[in-house]
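Coming up is one lone chain in structure tokens, specifically the form predicted alone.
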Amino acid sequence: MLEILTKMPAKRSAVIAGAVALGLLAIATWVLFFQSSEEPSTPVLLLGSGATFPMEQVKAWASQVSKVHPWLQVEYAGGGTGKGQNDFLLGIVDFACSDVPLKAADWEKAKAQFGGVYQLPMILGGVAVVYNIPEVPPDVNLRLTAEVLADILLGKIEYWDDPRIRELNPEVSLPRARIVFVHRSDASGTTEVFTTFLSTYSAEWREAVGAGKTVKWPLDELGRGVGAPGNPGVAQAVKTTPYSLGYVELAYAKGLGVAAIRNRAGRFVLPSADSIRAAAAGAVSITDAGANLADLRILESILSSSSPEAYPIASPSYLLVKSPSAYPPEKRKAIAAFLEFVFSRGQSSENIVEGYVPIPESWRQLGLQAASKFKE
């Protein structure tokens, strides 16, 4: 460039040099403006806690988003849906993850405290019924029904070779061994999904035990129930306890036997990306993520899917954030960037952890609409 300018008449070269200088100044000004208006100049930390059901996926997103926005750091601790909701309502964390929407009373409380709350379905998963039976080959999947599971957990079926289990699995040699049940010891959304499934299909379970983040497990009183914290804790306990049975999100089922569960259409279906997606296709629509989602009974609509391909224990997990006005400016920018990532490129196949399923397009739009609110 300098060589070209020196060969030109002085007046013309001066004009061109000035134009170049102005262009460089404009670019520098634009960069500074972009950085100051869009990207905070100092690191911003977002803290979250809650469900272990989506934990592996949330941690993956936390790592991925920091590569796109180096100023943004996201830290997520599990602890269970109950802890996440409690931390969120106490203002201890910037966001929470929950496998079920807030109950109406807690939603009202969040509205009063924060001026509003968004409950955004962010990922789909399936609750796998897992077991450890040394005599059953790894490539064999037991068949179970909600009714048989309910009777096992009510204490009415005690041994793996019970006639009702053998009837469902005539080609499998089952041992005469007592069933040990591993369940969550913390307040858990995974537990609420699993017990809601049992309550949906078994009237006896619904009346005797019911559904919730914590329930009174009958097998505990019989000495055949074991509690463990989080999905990782349940998975580990099943792995180390011969003849045990438990329930975990599909991402934690590696190395364990996984049962095929009979759905509404009468088919025995394994949890997979396709079967979870098929179940979610029957979910009721969500038009406002700031509304009281508990009234919509989203989980029940998925558990009751009539699709022959549906896995009957599928569920979304939710990302909870406060109203934008409840955050300082730098946190608002951070929440906006995180939501934009999660509900756009975060849903692409290369960013989804094995064991999880991207959400439908309508739910992605809910997340992106919420992100736009944090930019206003």
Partner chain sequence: MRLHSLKRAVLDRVFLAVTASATLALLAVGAFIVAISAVESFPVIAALGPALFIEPPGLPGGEFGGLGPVLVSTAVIVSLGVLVGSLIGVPVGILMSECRGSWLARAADAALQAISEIPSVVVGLVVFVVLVLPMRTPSAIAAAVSLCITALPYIAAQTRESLAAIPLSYREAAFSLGLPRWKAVLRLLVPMNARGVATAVLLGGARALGETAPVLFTAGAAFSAFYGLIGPSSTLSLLIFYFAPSPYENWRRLAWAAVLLLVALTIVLSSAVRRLSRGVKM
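Source: prediction; values computed, not measured. Numbering follows the first chain given and starts at 1.
There is also a form predicted in complex with the partner chain; it is not shown, and the following applies to it.
The partner chain in the model of the complex is approached by residue 55, whose closest heavy atom lies within 4.5 angstroms of it. Heavy atoms of residue 59 reach within 4.5 Å of the partner chain in the model of the complex, making it an interface residue.
Under a 4.5 angstroms non-hydrogen atom cutoff, the partner chain in the model of the complex lacks residue 210 among its neighbouring residues. Using a 4.5 Å cutoff between non-hydrogen atoms, residue 45 counts as a contact of the partner chain in the model of the complex. Partner proximity in the model of the complex, defined as non-hydrogen atoms within 4.5 angstroms of the partner chain, places exactly one of 286-294, 144-152, 83-91, 236-244 at the interface: 83-91. Relative to the partner chain in the model of the complex, residues 63, 73 and 232 are all within 4.5 Å by at least one heavy atom. A heavy atom within 4.5 Å of the partner chain in the model of the complex is found for one listed residue only; from 177, 258, 172, 77, this is 77.
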